[in-house]
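The form predicted alone is given below as one chain in structure tokens.
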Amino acid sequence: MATTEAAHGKRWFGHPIMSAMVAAGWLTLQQAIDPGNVLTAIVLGLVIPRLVSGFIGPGVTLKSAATVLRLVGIVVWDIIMSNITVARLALSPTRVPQPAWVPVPLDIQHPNGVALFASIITMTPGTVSCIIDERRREILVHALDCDDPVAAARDMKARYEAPLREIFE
């Protein structure tokens, strides 16, 4: 029974990223960190992924917790810096943005890693991932201001995809 449940992601911590996101989402929505909300966040972070595991597939085994923390730091830093850059761009009357389509070739194979890569791109102000083209193995990204699409793709791969490969593959 336990082996069957583990094979189908029916473990209490079978989806650690989803558990963390549910718990963080709860605490963000409550706008308060007190013992009651932290306990509720932990319970929701454990129960919700277990309840929906049949819909989201098998759990993920994260290969490197240190890389997860490093990636979270990179993403938070990039979101802060991108907000500043986009605000400067929007508030500068003389600056004309150069929008561009940036094809980002994919080396990562894990479907959750690809989805997380696209989500990180979308969360960063100034960029939106538009298409994950599985046949061509690339993500098409619209950048608000980009003068060198090749360098932008190389930067996204180094900052986000490489750590995701360490985490998932």
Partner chain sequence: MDNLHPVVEIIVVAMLLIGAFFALVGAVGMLRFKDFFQRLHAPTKATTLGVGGVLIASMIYSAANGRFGTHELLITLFLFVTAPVSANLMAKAALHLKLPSKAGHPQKKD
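For the two forms, the rigid core is made up of the largest set of C-alpha atoms that agree within 1.5 Å on superposition. Numbering follows the first chain given and starts at 1. Please read these numbers as outputs of a predicted model, since none were measured by experiment.
Unshown form predicted in complex with its partner chain; subsequent notes refer to it.
In the predicted bound form, its partner chain lies within 4.5 Å of some heavy atom of D133. Although the partner is absent from this view, L89 contacts its partner chain in the predicted bound form, with a non-hydrogen atom inside 4.5 angstroms.
Its partner chain in the predicted bound form comes within 4.5 Å of a heavy atom belonging to A143. Looking at P97, you'd find a heavy atom of it within 4.5 angstroms of its partner chain in the predicted bound form. A heavy atom within 4.5 Å of its partner chain in the predicted bound form is found for one listed residue only; from T28, Q109, S64, T61, this is T28.
Only one of V38, V68, M123, I48 comes within 4.5 Å of its partner chain in the predicted bound form through a heavy atom, and that residue is M123. When the rigid core is held fixed, the Cα atom of I17 travels 2 angstroms or more between this form and the one not shown.
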